[in-house]
Ligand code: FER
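Just the one chain here, laid out as C-alpha cells, in the form predicted on its own.
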Amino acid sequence: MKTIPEAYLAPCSKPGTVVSLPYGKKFILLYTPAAPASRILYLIHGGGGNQYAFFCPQFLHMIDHMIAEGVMPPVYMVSPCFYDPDETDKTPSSSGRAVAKFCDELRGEIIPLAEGHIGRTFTRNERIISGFSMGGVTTWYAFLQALDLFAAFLPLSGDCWAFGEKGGGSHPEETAAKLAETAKESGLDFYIHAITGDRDIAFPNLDAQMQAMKQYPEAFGKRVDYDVMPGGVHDYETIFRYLYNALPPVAGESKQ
C-alpha cells in the first residue's frame, strides 16, 4: 500500500465542486471533478457516520490531486447516508437493519437524483460502489441486491451480513455460497476488491469470508482481489489510503 503523498493533503489548484441535493427529509452530497468524467463512485460511510465522513477536506483534496495529476481518471462521487433522519440508535444491530434495506433507496431515489443532476444515466460498467465498515456491509448488500446497477465493488473493512451480524465471520461458507450463487445467476461480469488491515477489528470476519470465497473459483477467480495491509486499523485515515491505492484501476485504468 503506497502512502498518500503529503502534498495531496493540501488544497489542489484544480478542485472539484460539491453540492447538496435533497430528497424527502434526506440529502446526498455530489462531487463533480474539474475535468469531464465518465464514471461515478457511490461512497457509503461507516456506522455512526454521515455524508461528511468521506466528503471531508483531507479526502477531497486527495481526490482532486489524483485527478489533476493523472493518477486516476476523473470521477463523479456521491455520498449518501443510510440512516433515517430521526434515527438515534446507531448501534451495529440498528445499523445492520438500515443497510439491509438501503439498496432500495439507492436504486429508487439516490441514483436517479445524482445522475439526473449530472444530466446522464450511467451504465453499470460506469458505476462503482464502495464503503467503509457498515458501508462495506452495504457494498456486499449491493452485490446481492443490485448487481444490475454496479459492475465494480470496493468493500473496505466490512463483511457480508446476509446471514446476520458479522455473518462473514460466523457463517463464512454460507456467505460465500450465497455470493457465488448471485454471481452465477446474474450472468454479469463484475470486479470486487476487498481490503482491510490485519489490526482492523473487522479483519477476522472479512478474512474468514474471503478465504471461503476461494472455494468458488468458477464464480470469482480473477474477478476478485483481496488485500490485507500490515498494521491497518479501523479508521478513515487508513481507508483513505486504501482508496488512494485501489481507485485508479477500478475507476478505469488497467489493473497491473
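Computed from a predicted structure; not experimentally measured. In this text, residue numbers run from 1 along the sequence as written.
Below, we refer to the form predicted in complex with this ligand, which is not included among the displayed structures.
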statement: Which of 144-152, 126-134, 104-112, 71-79 lies within 4.5 Å of this ligand in the predicted bound form, heavy atoms considered? The stretch 126-134
query: Counting only non-hydrogen atoms and a 4.5 angstroms cut-off, does K166 reach this ligand in the predicted bound form?
result: yes
- prompt: Can you check whether G47 is within 4.5 Å of this ligand in the predicted bound form, heavy atom basis?
  reply: yes
task: Report yes if any heavy atom of C56 sits within 4.5 Å of a heavy atom of this ligand in the predicted bound form; otherwise report no.
output: no
query: For I63, is any heavy atom within 4.5 Å of this ligand in the predicted bound form, or not?
result: no
message: I need to confirm a contact call. Of A202, L30, I195, L43, which residue comes within 4.5 Å of this ligand in the predicted bound form, counting heavy atoms only?
response: A202
- prompt: Relative to this ligand in the predicted bound form, which residues of 89-109 have a heavy atom no more than 4.5 Å away?
  reply: P92
